[in-house]
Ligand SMILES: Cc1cc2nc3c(=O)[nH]c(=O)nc-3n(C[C@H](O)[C@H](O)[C@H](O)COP(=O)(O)OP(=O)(O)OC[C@H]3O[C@@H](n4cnc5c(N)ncnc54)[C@H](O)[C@@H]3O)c2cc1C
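The chain below stands alone and is given in structure tokens; this is the form predicted on its own.
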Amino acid sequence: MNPNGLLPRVFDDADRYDSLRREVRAFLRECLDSGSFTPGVDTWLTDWDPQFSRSLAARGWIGMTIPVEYGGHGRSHVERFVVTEELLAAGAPVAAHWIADRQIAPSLMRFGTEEQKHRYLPAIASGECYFGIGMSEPDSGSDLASVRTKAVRVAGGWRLTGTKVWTSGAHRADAFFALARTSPKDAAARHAGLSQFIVDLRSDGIDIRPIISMTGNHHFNEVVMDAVFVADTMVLGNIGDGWRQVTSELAFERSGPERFLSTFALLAAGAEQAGAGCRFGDDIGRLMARITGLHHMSAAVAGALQRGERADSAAAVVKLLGTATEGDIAECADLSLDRGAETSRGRRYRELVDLAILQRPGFTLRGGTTEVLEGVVARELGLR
């Protein structure tokens, strides 16, 4: 660790994983040449393509860190980082499996029962099981400690009542992890009394309501639970340990390359446009320098996760700086675009710019707002 203890040591994968990178790039080139997908922005959140996810699973690129005995591939977090970085840089449609592979699988491996692991992990690794996250609630912002969803004990399990919001892919997912209050809120210990449950999104009492974004796309949802029964076998971890479990998930949610590569396909397209006189070329070097630094920081967190080290604060740094960078890519591209001189060659580039601008407001919200993450970093540095 560095002197202030905030960031793990950098993990250099430049030589060790070159062959894996080349393999992924060759596959992606084949996909692009065949027209199986068109590069986009924010594809890990918005581009849901189960067929593409299954094709990745067939190559062993989903469930990479899941142990072989649970249907995975027993590979390292750093190897998974290499694969996901290449997929994101290409703007590939990875939303279907993303959440399940990114944080549901590691949480199941750490907190799940044997029954839960054998039920879900092989299906996740094969690209056949999709998950959402039931954390955020209306009027709560990023304050998870204010959770109002209640879980009441009943014979054989629990009944959950409450509302979750901004639940990506809930209308297509099989299940989600729901954070609920299992004991009354204590003003002196706001984080106590929370628990996690694995909720089948096809259960009786669930109403999934679409939230349409400015782009006209539907990937966010409001999930209303009305006395939804969850069996004891679907409690994740221990009752009352929900806060500790959730915060451990955040290292996976906040630190990955999706926090700085959501608009990389736009940056790459801008580099091509720069050759044709686009003013975006003036900013590409500066933005690439930031991306390179974030690559090393995010890879360092992947190495820390592989070693079993604490990485939640480092993940907050990656998310904080990364989402600012991807937003700046969108803004620089927009400001440099000469819409009056558009050619047919530049039409797709303009579409990428417009989509990135519309998606940009969400960059600094999802996974924790900028203000919340600044607080996390400040506390770690002893500034608050």
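Only a predicted model underlies this, so the values are computations on that prediction, with no experimental measurement involved. All residue numbers refer to positions in the sequence shown, first residue = 1.
Just so it is clear, the following notes concern the form predicted in complex with the named molecule, a form of the same protein that is not shown.
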| item | value |
| --- | --- |
| The named molecule: the contacting residue among S136, S107, S313, T182 in the model of the complex [heavy atom, 4.5 Å] | S136 |
| Residue among Y120, F280, W166, F111 with a heavy atom within 4.5 Å of the named molecule in the model of the complex | W166 |
| L20: touches the named molecule in the model of the complex, heavy atom cutoff 4.5 angstroms | no |
| In the model of the complex, T161 touching the named molecule (heavy atom, 4.5 Å) | no |
| Contact label in the model of the complex: S140 to the named molecule, heavy atom within 4.5 Å | yes |
| Contact of L45 with the named molecule in the model of the complex (heavy atom, 4.5 Å) | yes |
| Contacts with the named molecule in the model of the complex, stretch 251-269 (heavy atom within 4.5 Å) | none |
